[in-house]
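This document opens with one chain alone, in structure tokens, the form predicted alone.
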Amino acid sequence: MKQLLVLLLMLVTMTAAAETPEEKGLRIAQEADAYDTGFTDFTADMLMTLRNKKGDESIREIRVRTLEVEGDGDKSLSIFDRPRDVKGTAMLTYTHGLKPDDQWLYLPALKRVKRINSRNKSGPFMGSEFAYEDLGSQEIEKYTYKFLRDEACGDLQCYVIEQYPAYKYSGYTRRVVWVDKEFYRPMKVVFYDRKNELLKTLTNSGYQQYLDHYWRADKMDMENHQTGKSTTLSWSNYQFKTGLTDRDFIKSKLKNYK
């Protein structure tokens, strides 16, 4: 039995040694995706705090709904409740792999639904430091991967993975992601612009576990290093498996959310 255990350990070691950084990066991404599969749907409330370079703040209240889609990316809906000048604004996203995401934005002031062009996904969402392309589910096919190193991230141990967009019109040349080894939670993401210069950093904190398995961050801080602006998303009131269906994510309904 002891000899068998030694042999198995040798085989595991040899397999790991034969794995290229690209293969390891992809494997970790696949394991993270598999870990978060099966949540079905959720609703949540979000507080979006925008800060300019001087530190002045403006706050927006948003309701979020997300539906897991088998064989494709998630569907998500964001509905703005406050302040009054953006109340009723709603964004619907159908996330895909390499195929461009489908995104629509309803603007009450114009009383029409605007389709977001795939070439404009790098633009800021509602004046925030989050781009449209940051807001959809991050499907595995959207990137190619490279494992860089193991590294401590606070009290945790993380994999550090470099991701290269595999789809057209991304606003990034690459992203570097810190993923904790135990639960595959993204702790930090560093974004580099089309000139491969440091653009912004996303830091996730206050993770809570739901359904005894799925982890979601209470707070997401995005700092733009080039403009000095920042945006914080504060999440609350998560509810999972609420019974959402495709009928709750229809473009023609965007005008009706109050």
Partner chain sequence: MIKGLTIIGLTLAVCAGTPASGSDWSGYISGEYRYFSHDPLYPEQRIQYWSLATQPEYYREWEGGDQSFTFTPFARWDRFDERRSHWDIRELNGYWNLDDWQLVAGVSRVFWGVTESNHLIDIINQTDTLEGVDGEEKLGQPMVHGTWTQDWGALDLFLLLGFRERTFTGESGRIRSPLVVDVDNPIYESPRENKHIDYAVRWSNSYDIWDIGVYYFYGTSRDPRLEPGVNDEGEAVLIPHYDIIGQLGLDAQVFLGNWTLKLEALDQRRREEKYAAAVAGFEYTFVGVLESQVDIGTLVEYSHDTRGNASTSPFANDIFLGMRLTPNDAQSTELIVGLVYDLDYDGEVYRIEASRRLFSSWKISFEAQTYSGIDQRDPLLYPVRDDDFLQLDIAWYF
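Positions refer to the first chain, counted from 1. Under this definition, the rigid core comprises the largest set of C-alpha atoms superposing within 1.5 Å between the forms. Being a predicted model, the structure only gives us computed values, none of them experimental.
The same protein also exists as the form predicted in complex with its partner chain; that form is not shown, yet it is the one meant from here on.
In the predicted bound form, at least one heavy atom of Ser58 sits within 4.5 Å of a heavy atom of its partner chain. Using a 4.5 angstroms limit between non-hydrogen atoms, Glu151 is distant from its partner chain in the predicted bound form. Within 4.5 Å of some heavy atom of its partner chain in the predicted bound form lies at least one heavy atom of Pro124.
Although the partner is absent from this view, Lys99 contacts its partner chain in the predicted bound form, with a non-hydrogen atom inside 4.5 angstroms. None of Ile140, Ala166, Val176, Val86 but one reaches within 4.5 angstroms of its partner chain in the predicted bound form through a heavy atom, and that residue is Val86. For the options Cys158, Leu135, Met91, Ile116, the one in contact with its partner chain in the predicted bound form, meaning a heavy atom within 4.5 Å, is Ile116.
Stretch 124-132 is the contacting one of 183-191, 70-78, 124-132, 141-149, since its residues have non-hydrogen atoms within 4.5 Å of its partner chain in the predicted bound form.
Across the proposed site, Ala109, Lys251 and Asn256 without exception bring a heavy atom within 4.5 Å of its partner chain in the predicted bound form.
Core-aligned CA deviation for Leu107 between this form and the one not shown: 2 Å or greater. Relative to the shown form, the CA atoms of Ser118 and Asp81 are brought 3 Å or more closer together in the predicted bound form.
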